[in-house]
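Only one chain is included here, represented as structure tokens and corresponding to the form predicted alone.
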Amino acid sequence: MSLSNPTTAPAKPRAGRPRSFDREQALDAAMRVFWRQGYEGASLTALTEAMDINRPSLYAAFGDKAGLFREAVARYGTGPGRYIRRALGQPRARQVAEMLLRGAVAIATDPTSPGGCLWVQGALVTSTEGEIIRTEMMALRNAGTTQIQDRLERARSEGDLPAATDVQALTLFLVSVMNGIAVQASSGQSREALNSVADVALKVWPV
């Protein structure tokens, strides 16, 4: 007679079965890993550990690392990076510029965040495998630049900027300062120092 009862023995879990998890919470964690380490620097091990999931769960929910990165970038835009949309809605061009600059400083120096900017950090891709991500990030940044330029073109047509303003150059100046703020914050510059940079940029704003 057998001492084991097959009808009461616990069922063995299926190998490799993805476990349940909070998708939104996991995506937030992945966003911060990419934000800190960039696309190439973020390993699958670092991502799954931060997200508290296994690889089968990651693949089932996001497809692959590239798919996860794309969703993390989109989440950044509607979360930490949403100050850009709010800035573009300001009534005066100088207010737009100030909110963009101050927002860049605030997000880059937030002690609860990885620092810098995901749209800048994530684009640091050098491998052939990551080329499509680099291209996508370039397109994303160019689209953002176009939105700012369109807003400043509207300001010029409304008389909010001098008629002789070179809007393209002014836009690139503003975006370059914002990107520089992100890079300098990653190098350890303080919020006070970077707000001083914003002050200088605003002093040369055309009136």
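What you see is a predicted model; the values in this text were computed from it and never measured. Quick note: we count residues from 1 along the sequence shown, nothing fancier.
Separately, the form predicted in complex with a further copy of the same chain exists; it is not shown, and the next lines address it.
Annotation: in the predicted complex, residues 74, 112 and 157 none come within 4.5 Å of a further copy of the same chain through any heavy atom. Stretch 178-186 is the contacting one of 51-59, 66-74, 22-30, 178-186, since its residues have non-hydrogen atoms within 4.5 Å of a further copy of the same chain in the predicted complex.
In the predicted complex, a further copy of the same chain sits beyond 4.5 Å of every heavy atom of residue 207. Taking non-hydrogen atoms only, residue 120 approaches a further copy of the same chain to within 4.5 angstroms in the predicted complex.
The closest heavy atom approach of residue 147 to a further copy of the same chain in the predicted complex falls outside 4.5 Å. When contacts are judged by a 4.5 Å heavy atom cut-off, residue 169 counts as touching a further copy of the same chain in the predicted complex. Scanning 183-203 for heavy atoms within 4.5 Å of a further copy of the same chain in the predicted complex gives 183, 184, 186, 187, 188, 189, 193, 194, 196, 197, 200, 201, 203 in sequence order.
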